[in-house]
Ligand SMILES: Nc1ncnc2c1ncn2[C@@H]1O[C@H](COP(=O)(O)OP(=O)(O)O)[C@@H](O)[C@H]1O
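What follows is a single chain, given as structure tokens, in the form predicted alone.
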Amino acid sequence: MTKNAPHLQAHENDLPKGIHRARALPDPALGALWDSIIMDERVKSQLLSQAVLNFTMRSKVDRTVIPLHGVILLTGEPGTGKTSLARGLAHRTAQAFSGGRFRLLEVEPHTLTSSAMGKTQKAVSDLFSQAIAEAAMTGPTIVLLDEVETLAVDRSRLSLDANPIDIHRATDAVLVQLDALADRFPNLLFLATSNFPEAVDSAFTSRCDLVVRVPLPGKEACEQILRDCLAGVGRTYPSVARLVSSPLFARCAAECVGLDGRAIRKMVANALAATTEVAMDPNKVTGEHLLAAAQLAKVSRGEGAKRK
């Protein structure tokens, strides 16, 4: 928790509908999230550079020359760290402007949907044209749109007979508001995430300045995530940190290929719950426990993929 967090937390109940959290940036706690996402550093650098460019160039170059909308979209399977990456990116972007006071707004899209005709469209319009616009008037603002497919659903895949026309109108409202905000506020950046990019309307995707797929970690990344997790737990239980020297560590890391970062870290917790004795004293965990947990996680993920 940062120094600013308690102050912001006290006012969260007063936030506009659709925004469930607001915080001042930079925020070191979010920087830790950025560091915890282990992926190709070139991709991280590209994301940060694109975000920084949003605040340096958009106010100086006409949109008829480069039609930037101030939108970055992160796609990928659940558990790959898209939301954490977006929050960390917000921190790093603000940090790049020394002395700059940024603000992060996190949108909860599910609170905007309604079965009543016209309610979703109005809620979306109000969120963008009022709440987000007012925030942008006060200074540089970054908005996290998690699960953006909820707000910008692919209209070509929907049947007007099976789905309320309000869903179509809500997507229209998002697109109209993105265009309007892009014209008015060059100091505004949207960071959107989606587990199902095929469900996102193509008109929304076309407005994105950068689309990045966050992949499942490869072999080296799996090993690094596993090392990082064991080292973190090892600060409390020293024997856990020593598992990186186990002859079975390489096999454990290899078994993790195909798992997302969240699943790898949860797998370590499963190893620490291998038996009641180990759960009572995690220092008693062994390489065999870790390998068994990794193999079970791999099998469980495979069964889940088959069900899909």
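Here the structure is a predicted model, which is why all the values come from computation and not from measurement. Numbers follow the displayed sequence, beginning with 1.
Separately, the form predicted together with the named molecule exists; it is not shown, and the next lines address it.
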Query raised in the report: Would G232 count as a contact of the named molecule in the predicted bound form, using a 4.5 angstroms cut-off between non-hydrogen atoms?
Result: no
Query raised in the report: Does the named molecule come within 4.5 Å of any heavy atom of P186 in the predicted bound form?
Result: no
Query - the named molecule contact in the predicted bound form: V153, any heavy atom under 4.5 Å - result: no
Report task. Evaluate R265 for contact with the named molecule in the predicted bound form, applying a 4.5 angstroms cut-off between non-hydrogen atoms, and reply yes or no. Result -> yes
Query raised in the report: Can we say D14, G18 and Q130 each have a non-hydrogen atom within 4.5 Å of the named molecule in the predicted bound form?
Result: no
Report task. Quick one: find which of 100 to 108, 82 to 90, 168 to 176, 135 to 143 has residues within 4.5 Å of the named molecule in the predicted bound form by heavy atom distance. Result -> 82 to 90
Report task. With the named molecule left out of view, choose which of V257, A274, V52, I38 has a non-hydrogen atom within 4.5 angstroms of it in the predicted bound form. Result -> I38
Report summary line: Answer key: of N195, T205, Q95, S125, within 4.5 Å of the named molecule in the predicted bound form (heavy atoms) is N195
